[in-house]
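Here we start with a single chain on its own, the form predicted on its own, put down as structure tokens.
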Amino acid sequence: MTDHKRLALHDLHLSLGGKMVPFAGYDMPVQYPAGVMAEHLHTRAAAGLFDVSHMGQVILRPKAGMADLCHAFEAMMPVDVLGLAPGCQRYGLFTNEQGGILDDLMFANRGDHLSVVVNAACKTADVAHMQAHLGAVAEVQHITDRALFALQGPMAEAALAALVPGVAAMRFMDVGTFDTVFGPVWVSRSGYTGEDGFEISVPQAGAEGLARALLATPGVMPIGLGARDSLRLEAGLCLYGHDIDTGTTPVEAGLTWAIQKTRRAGGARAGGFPGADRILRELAEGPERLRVGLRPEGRAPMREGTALFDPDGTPLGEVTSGGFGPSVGAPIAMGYVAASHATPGTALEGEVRGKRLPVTVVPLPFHPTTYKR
């Protein structure tokens, strides 16, 4: 027996040979019979279907007007909400008063409301956070009757367009609603692999039908959590609770691209978000530490928690995500080091089983992205 929640498609995952493990309070497929390496490479070459229904889906429906909602939502993070056009999605970050990251998320302007997708482990806290800050201007609806899939890879467009005509016209970070035989689906052209692809919210009643139809399409294969993690690591994408957390600022994390000019010093709506003093100061002066890409020498991976040192023995930081990159063909990692040692090409050492092994700071991502712009 388990206390973990089950995905709506739990039985389908078992029938596909999914190996289930606990993750963020759910039983999740970590891999299928092909194995993590094959699933990873298949997603890069063709298309992979991921069940990410454990994520939190939220609708923010304004009580008065969209402008009031967008103003209030923008006050929760250092991101331009008011400037997001209908039909478009953006990456966001809830911050605390110290400038730390409460969660990272995706939000979309759907014309008459906002939709939000948050991390599974944070969704209860995030919904409460939104209710506390937005309750006066919006109805905060935690959606629990829909599944969420990610279809990723170079064959994703053809596979989904065969079932949902219209998605081929979408560009990276576009969103749309489509009527299908599986019910109304909410589609965004985005993902967590560095590949072109889509995230698809579907009513639970139609979820298995859509999943089976996609898996019956040439080139589509089920993919588990293991390959999802190695794909996002190669793409240099952060995993909440590991690479970013309440003690990490967006500037330290190298997420300054997510802070638009209008919210920065001198911008039309500068500051006004939790932790603005520290975040704006770090934007101006630089942080004391930075997230970097790391390439260990040899074949031994440097896992999360590996201590990092200057060759002279000075402690510099630690690895926050690490493993083997199947598309790169070598160990890869990300971690935080003193800003003085964050320049690509800097030689460091990582302590693995009591031995100091060479590792080099490298640019991110490790594998080029293929988003459809």
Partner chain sequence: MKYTKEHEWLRVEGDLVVVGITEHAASQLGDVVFVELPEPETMVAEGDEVCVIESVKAASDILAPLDGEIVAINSKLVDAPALVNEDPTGAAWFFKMKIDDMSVLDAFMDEDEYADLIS
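Quick caveat: nothing in here was measured; it's all calculated off a predicted structure. Positions refer to the first chain, counted from 1.
FYI, the form predicted in complex with the partner chain isn't displayed, but the following is about it.
- 300 is the sole member of 300, 161, 72, 82 with a non-hydrogen atom within 4.5 Å of the partner chain in the predicted bound form.
- Contact check for residue 311: no non-hydrogen atom falls within 4.5 Å of the partner chain in the predicted bound form.
- Taking the partner from elsewhere, residue 307 is found to have every heavy atom lying beyond 4.5 Å of the partner chain in the predicted bound form.
- Residue 26 falls outside the set of residues with a heavy atom inside 4.5 Å of the partner chain in the predicted bound form.
- The shortest heavy atom separation between residue 19 and the partner chain in the predicted bound form is within 4.5 Å.
- Here the chain stands alone, but in the predicted bound form its contact with the partner chain, taken as any heavy atom within 4.5 Å, falls in 36 to 44 among 54 to 62, 337 to 345, 36 to 44, 313 to 321.
- Although the partner chain is not shown here, in the predicted bound form the stretch 324 to 357 places heavy atoms of 324, 353, 355 within 4.5 Å of it, in sequence order.
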